[in-house]
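Heads up, the chain below is alone and in the form predicted on its own; it's given as structure tokens.
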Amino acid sequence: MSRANGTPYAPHTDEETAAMLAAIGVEDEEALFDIPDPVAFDGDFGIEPRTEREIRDECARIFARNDDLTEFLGRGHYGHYVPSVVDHLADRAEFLTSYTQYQPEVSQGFLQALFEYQSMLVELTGLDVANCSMYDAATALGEAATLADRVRSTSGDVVLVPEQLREGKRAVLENYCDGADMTVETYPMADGTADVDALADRAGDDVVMLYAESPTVRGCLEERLAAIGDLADETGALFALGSDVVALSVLESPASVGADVVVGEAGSLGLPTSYGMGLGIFACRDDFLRQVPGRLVGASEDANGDRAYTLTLQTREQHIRKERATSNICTNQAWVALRAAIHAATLGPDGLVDLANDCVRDAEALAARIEGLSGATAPVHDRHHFREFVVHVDQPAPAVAEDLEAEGFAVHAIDDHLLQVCVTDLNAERTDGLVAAFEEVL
């Protein structure tokens, strides 16, 4: 077939194009688009040609205008040192240019890597099934809610979440629930973790899913997950646990506390902090195998009896089942999942545990140093913390955060007198400077 304009993506001849335009009553293809004149392309980009070196120099000048800040930010976005081997392997052409691995005969390497990623999540969560990634933690939580709506053993339509929940995550969840005629309600927190007694009073037959987090949005480790799991079991609600792929290496297994589904972020492995780009995890019990959103990679045998990998159970996706699909998730984060798997494999089990232990020790040590400063109390919550903690300052928190920024450090102001500080291996060597800056601005 001939190709108009020399492109394989518009394979129609001039005669075929003219016939289609005539059938719908327009003279040319531009009539199909309503493009405002100020942004319409007039045939000239107005960009002077420059050499590669000139462009690099210009980009360097632009980047030099960025503030030179050391970030002690967290609240769902975490950065750890990414070994160079992650870039070297993930940037191989067969990985970097791959789309969805629909053709197993040409995708065995990538499929095996994703199978390993799923296997790592199964090991970390103790659950039976993990998919090969979601967009981020927020969409994973939304998918858990709609899964609960499909498999619920109660007549309820309420999703219970902690009152302290990251705003963007809550908004995405509400968007998912609105389309499924569910409502989102909150339960109280006590000193940074769930108020289990108040939750027990609220739990009932109207609850379809109960969601808890460990670590919480304020970095606290939830100490009564088993009790929350028992409440969900008693009321027939699905128990969804939000966690972090690094934290899971040292925390109690979600399966052991009764979690039906585990969601969260894995982007802290394999990705720099991006404040937008993420990698959602989704693992669940075998009972929900045919309800899992996204894609699963399965291990099988080829015609010669050799081990082979393929995408499996795709019938739950919208491109096949349409209105009967369990999810409209389509393009997922397979390449990002690959990066997380490479990073985790590079660390190994012992290295991952060491990294997680540092997240506990470094947060505890930094909080103790800030606690020793006049005008500050840290941590606010009398809990064990992972990576981050809340600081109470006597002065207005937004003003303190602004002054710290002037000193070269970025922290979150989360209330009138509350700041949140996150420490990882990427900024741990700058804690002396942060403490000195706190002392200066307080």
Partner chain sequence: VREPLLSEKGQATVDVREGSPLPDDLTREELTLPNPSEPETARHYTRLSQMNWAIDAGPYPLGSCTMKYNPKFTEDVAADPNAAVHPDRSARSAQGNLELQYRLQEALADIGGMDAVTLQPPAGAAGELTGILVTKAYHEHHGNDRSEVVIPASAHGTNFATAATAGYEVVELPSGEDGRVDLEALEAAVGDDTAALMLTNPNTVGLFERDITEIAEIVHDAGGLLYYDGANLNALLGRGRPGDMGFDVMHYNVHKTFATPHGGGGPGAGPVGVVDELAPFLPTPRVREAETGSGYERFEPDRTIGRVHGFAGNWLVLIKAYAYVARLGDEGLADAAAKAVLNANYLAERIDLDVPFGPFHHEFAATAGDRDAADVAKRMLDFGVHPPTTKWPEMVPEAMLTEPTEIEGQSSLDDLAEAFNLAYADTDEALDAAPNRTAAARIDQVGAARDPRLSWQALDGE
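If you superpose the two forms and keep the largest set of C-alpha atoms that fall within 1.5 Å, you have the rigid core. From a predicted model like this one, the values you see are computed outputs, not experimental measurements. Residue numbers count along the first chain shown, from 1.
Keep in mind the form predicted in complex with the partner chain is missing from the figure; the text below concerns it.
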Handout entry: Location of the partner chain contact in the model of the complex, chosen stretch of 216-224, 154-162, 231-239, 196-204 [non-hydrogen atom, 4.5 Å]
Key = 216-224
Handout entry: Non-hydrogen atom contact E405 with the partner chain in the model of the complex at 4.5 angstroms
Key = yes
Problem - Close approach of G348 to the partner chain in the model of the complex, 4.5 Å, heavy atom - result: yes
Exercise for the section: Check whether P188 has any heavy atom within 4.5 Å of a heavy atom of the partner chain in the model of the complex, and answer yes or no. Expected result: no
Practice task
Evaluate E94 for contact with the partner chain in the model of the complex, applying a 4.5 angstroms cut-off between non-hydrogen atoms, and reply yes or no.
Solution key: yes
Handout entry: The unique member of A334, V184, I370, L355 whose heavy atoms fall within 4.5 Å of the partner chain in the model of the complex
Key = A334
Practice task
Between 246-266 and the partner chain in the model of the complex, list the residues on our side with a heavy atom within 4.5 Å.
Solution key: L248, S249, V250, L251, E252, S253
Exercise for the section: Examine D425 after superposing the rigid core and state whether its CA is displaced by 2 Å or more between the shown form and the other one. Expected result: no
Exercise for the section: Please say whether, between the shown form and the other one, the C-alpha of S374 moves by 2 Å or more once the core is aligned. Expected result: no
